[in-house]
Ligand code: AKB
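Next up is one chain by itself, shown in C-alpha cells, the form predicted on its own.
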C-alpha cells in the first residue's frame, strides 16, 4: 500500500505531539513535521523530515512536496494573541492562507484533492453576557459567531478562507465543482487536556493546572471564578476526532465546520475533583480580569449533533472516565502520589 504523505504543522505542541504519535500508530503515512522548535524525543523517530522555523517563511519550500493531507495545527493561542495581536494575525491568518493557497494549487495542478484539516476553537464564539451564556446552553455552529479575542477572530476568518478555497475558488458553479478541488475540513475544539504534556498557560488551562499543582502538593490560585463553565475534552478524544474526520468520504460530509464536545465543568468542579483525589489540596480563586473576560465569552457547552450525524462522532471520555481512567492515574504516576 502506498503511504500517504502528511504535513503536520505545530508538531511540537500538545495536539501536535499526540497527533504525530496517533498517525504513526495507525500506520500508512509518511509524516513531515514543521514547528518553530526542534522535535521532542518522543516523536523524533516517526517524522521523516522536520522543517524548523517560522512557518510563514517556510511554506514556499513545501511546494515541492506531494502532500495528500495537511494538518495545520500551528497557531498563536488566545492569551498570547491578545498581547501580540499583530504577530498573532501574521501566524494565524497569513500562515493559514499561504498553506491553503499551496493546497489549492496542488489540488488543481495535479488533479488530486488535498485534504486540509484545520483545528478551530470555541474561541470563535462570543457570548454577549453571562446571562445569555447560561441561557444558551449548548451552542450550534452558526450561533454567536462574534468572537471577543484576536485568536477567535483569526480562527473564524480562517474557517471562511478554507470554505472559500474549497467551494468557490475559481468561482465554479457548485454543481460543476471538480472532485480535485481542495478538501477543507475543520473541527471546533473545546478546552483540551493531556495527561502526558504539561499545560502551557493557555486560557482554558486552569483545570489541568490546578490538578498538577494539587498532585505536587503545591498551592494554586485559579485565574477564573469558581462558577466559570466551559466545555473540555481529553486529548485522546481530540486525536480520535481528527483521525476520524480525515477518513470520512467527502460525499458523506454535509458541512465543513463541526463542533465536537465531551463534558462541561465549572472551575469549582475541577477544584472538588482535585480535592478528592489529593486531600489537603490548597486551591483558591483570584480571577484575572483579562483572562476571565475571555473565558466568559465562550459558551458553557457546544451542540455537536452535526458531527454525530455526519461522521459518527462520540467521545470515549465523559467527565468521570476522564478523571478516573485517564488523567488522574497518569499524574499520580508522574508525581508518585
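Numbering follows the first chain given and starts at 1. Just so it is clear, the structure is predicted and the values come from calculations on it, not from any experiment.
The following text describes the form predicted together with this ligand, which does not appear among the structures shown.
*Asks:* Given that this ligand is left out here, which of 125, 184, 71, 151 has a heavy atom within 4.5 Å of it in the model of the complex?
*Replies:* Of the candidates 125, 184, 71, 151, 151 is the one lying within 4.5 Å of this ligand in the model of the complex.
*Asks:* Which pick from 121, 96, 228, 107 sits with a heavy atom within 4.5 Å of this ligand in the model of the complex?
*Replies:* Selected residue: 121.
*Asks:* If contact means any heavy atom within 4.5 Å, which of 82-90, 98-106, 242-250, 203-211 contacts this ligand in the model of the complex?
*Replies:* Looking at the partner contacts, the answer comes out as 203-211.
*Asks:* With the partner left out here, check for me: in the model of the complex, does some heavy atom of residue 77 sit within 4.5 Å of this ligand?
*Replies:* Yes, residue 77 is a contact residue.
*Asks:* Judged by heavy atom distances of 4.5 Å or less, which residues of 289-327 approach this ligand in the model of the complex?
*Replies:* Stretch hits: a single one, 298.
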